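Next come structure tokens for two forms of one protein chain, structure 1 first, structure 2 second.
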Structure 1
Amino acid sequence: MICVRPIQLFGSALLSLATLLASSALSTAQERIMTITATEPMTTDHPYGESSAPVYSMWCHTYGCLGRFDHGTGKPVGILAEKWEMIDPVTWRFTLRKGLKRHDGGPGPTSADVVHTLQRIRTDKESVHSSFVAMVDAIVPVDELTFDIKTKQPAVNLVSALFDRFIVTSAELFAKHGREADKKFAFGWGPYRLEEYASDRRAVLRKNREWREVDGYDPKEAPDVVILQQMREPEQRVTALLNGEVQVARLIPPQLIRRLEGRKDVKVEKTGGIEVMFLAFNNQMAPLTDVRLRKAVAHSINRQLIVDRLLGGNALVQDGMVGPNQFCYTGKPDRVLEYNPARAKELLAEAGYKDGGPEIDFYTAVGRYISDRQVAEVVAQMLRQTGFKVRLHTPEYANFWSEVRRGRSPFYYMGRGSVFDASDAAGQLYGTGGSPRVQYSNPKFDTLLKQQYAEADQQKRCQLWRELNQLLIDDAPTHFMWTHSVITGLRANVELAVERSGEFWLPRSKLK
């Protein structure tokens, strides 16, 4: 039993027997199976052992998480929690749903499980989830279903930080079985039960028939079995969709859409994304310490042309950290850095590079973001046209990333995923002491950022964000490019609303 590790039913004997009978009966009946491509690595069955949006989503569907964000409405929706409110600037009170049952028939989630979860995220050696709970000071149970989350500082963004990511697991099962609980007793409360997990191949989820959405919706049209099948090559995903091996092909790059067009049996779903792509400067490394040069870079680049001609129109040009697809967007900023090669040349001349130069080294991730290398090649060319002397480097991702993380990369193209509420991302990239990646520091930015964390009034908070956005454009610590559209290929019999994050909530999907 090394090859595949089905989640075996060693739990309560009676129940496992019942489940086995049920599943064998079902497999003869007409089961509606939906196979979805998985594009990120699936390396471990440890629910806190890997960090990527698709993996969070998988565990949210099985173990269950507090809630999720519906980007369409911009509103958080409960999954295991049904109510949450801020009771003072550093305290949020959550109430869990009543009447839920664990997949093995055990009791529903309790405050103790939530406390256990935080504990495990923080202390388990294999956990890599601790960064998004960094702001949490403590979780204090109030009663069995109610608990308070205390934060170190005011955090109005707590819900958006925890939802979709905070996966609640059973304290009882972990106390009994330890790490084995993830393998043989992977029972949670979510709408699907984990049936099989084969690392780097597939995960099989089976519908929890008792599941009702928080609003009472019965997901009877959702697929009975969902297979997350790893397919990392985009060409392969398209092929598999076309010949019916999979029903949902995720993350289709723009150049492959043409293979899906004009087919009756497949359809293409496009959603505005929230992965913000940018050209980052290390603001402490000469010569890009000079804001005129950074702006000259910005003015050299014709973003719309790249979007239209290289990305097939499948991206939305963005000014600043917060764009139209994100939380707190208040319309186009007052001043933006448009394509203007004449201005770029002027700025270069002002900075002392009248006869060409400066020499800059430009790095890009390869194969990490949509058409990343190609974009970088175009950017390098556009910069050369206004007089920069650019050397383009395409290191392997591990090297690229370790240089960026240590603040040793002078100028690079990359992205930041899942930026709906931009607070934490902005703090880490641009806050003083946030990280060495950009090395930008502006006391005014830090003050505004801190203020918005404590601003409970959404309208006022968004106004603060308008100012923050403008600062990031005026000081140009990075030049923002666009957000890619999330492109998903579906078989014609599938209905699925893809979120801006690229994820989806299966109980609301339909398979005919």
Structure 2
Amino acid sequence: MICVRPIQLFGSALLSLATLLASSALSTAQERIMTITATEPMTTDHPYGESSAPVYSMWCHTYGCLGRFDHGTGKPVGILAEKWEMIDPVTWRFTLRKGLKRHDGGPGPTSADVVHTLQRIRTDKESVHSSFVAMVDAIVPVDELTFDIKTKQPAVNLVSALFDRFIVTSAELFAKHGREADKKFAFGWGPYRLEEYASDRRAVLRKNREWREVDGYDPKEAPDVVILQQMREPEQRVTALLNGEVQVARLIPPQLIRRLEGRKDVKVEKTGGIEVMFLAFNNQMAPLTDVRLRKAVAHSINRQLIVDRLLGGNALVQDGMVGPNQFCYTGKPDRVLEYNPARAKELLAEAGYKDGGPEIDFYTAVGRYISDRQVAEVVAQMLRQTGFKVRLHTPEYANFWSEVRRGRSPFYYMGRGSVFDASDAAGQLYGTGGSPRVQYSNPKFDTLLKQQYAEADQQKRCQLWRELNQLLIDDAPTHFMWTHSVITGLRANVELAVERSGEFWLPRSKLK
């Protein structure tokens, strides 16, 4: 049975490792324990109740997902699935691995579990994953281990869209226990078993010693116990790393890198990121329904200056959804929205604000993204310099995200993670009928997006993406900012490959 108990933190200090382990009876002296800082809210034990790359990764490691994308090789790798192929333009066939056991000794994953997963994602009131499976028409079992995913239209990107986010859960356990299965019987087939979940505090994972990778790799040197410890404050993460309280500190802001340099007991990993940061406009909320005002915002922002001065050069300015770190990048777009404050003032005058204005409310999370509050403060100041009257709001992330997800935020700074193949993110953010976050709709964009889903020829598909990228710049439903370098602090005895998504695959990590 899964142990779910509250954890009390004393002030802002992290409990000592010994105290943590004693409180949960987790470890023996021989076990290797890796503590990783978590910056994402972990507000629910519902496997489909949160939408963020770190949360998908946690459930993928425990329940198991179909597969993952290996950024080192540039290829998808199976986890629960051992093979997959396109049968026809609207049918993908998957075969699940044989020989897996559920963490409680139950049977391995079956086609029935996959069908159950799709149904629960779509019908469970707590699920926020329905947009990920919007392209799926049905899942049809072929036999116990083989199933076909039927799509509503051709979807050459299905594998990249679903692989690491389609978290497979047990139909049997849910039929017996309902929602309680998530709380007391969270058993899956992944390389780690969920040992403890404390909402917005930490999650504890224990290695599944029977796990072998699809290629036969034995993760014997991977940590036996992994603690995902909630730490949203960057200073706290760095201090905990330097003190040896954690072995992996995620999302180190550029201004704190110096604290880690010159130390023999820690090291810094930098990876080119694929989380696209942007300024988002609600295209149905006045006054930003006027494209002239949206472009005036874009021309007011000196992105390169922010990257150089505030982010220490640890980001790459990006025009459009697809940039140098993403699939199908074909070079700088033909037309871009560069920093041009004079043009911003002209557009404001054209829109009826010659003498200043309009008044706009601007929102940002605090501590969710690298230097997010500092970036927002600089953006607000740049906007004021060209005439906008800006009110900056910094709500708690849970409240911020709730309003964004429901389409209630007029103007905000945030990111879209794991944008390698941009198809899914573009459909979610900009496709008609997608999520209400920006409420943009353009029939031409929808047509081109549908065409690229069906285009198997990579060169032709990338040309479609060039057109899609240009439409997003010309219509400015959002103003693209940059992709951050992913900066991770590690103790010297840790070997961990940080991927472009900012995530990592624990079975391939080592704790010496």
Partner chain sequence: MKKFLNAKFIIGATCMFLIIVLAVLGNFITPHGSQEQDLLSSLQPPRFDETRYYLGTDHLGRDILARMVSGARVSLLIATAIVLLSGVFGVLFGALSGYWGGVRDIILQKVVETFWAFPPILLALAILAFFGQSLINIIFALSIQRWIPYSRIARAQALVLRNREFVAASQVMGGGTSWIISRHILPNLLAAAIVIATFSMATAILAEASLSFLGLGVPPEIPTWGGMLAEGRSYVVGAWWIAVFPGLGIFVTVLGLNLLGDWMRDLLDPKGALNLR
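Structure 1 provides the reference sequence; residues are numbered from 1 along it. We call the rigid core whatever largest set of C-alpha positions still superposes within 1.5 Å between the two forms. What you see is a predicted model; the values in this text were computed from it and never measured.
Here the chain taken from the form predicted alone appears as structure 2, while structure 1 comes from elsewhere.
For Phe147, a C-alpha deviation below 2 angstroms is recorded between the two structures after rigid-core alignment.
Taking 2 Å as the criterion, Ala286 counts as shifted between the two structures: its C-alpha moves by at least this amount when the rigid core is aligned.
Rigid-body rotation of the smaller part against the larger part between the two structures amounts to 21 degrees, from C-alpha fits. After superposing on the rigid core, the C-alpha of Ala425 is displaced by 2.7 Å between the two structures. The two forms, fitted on their core, place the C-alpha of Ala351 12.4 Å apart, compared between the two structures.
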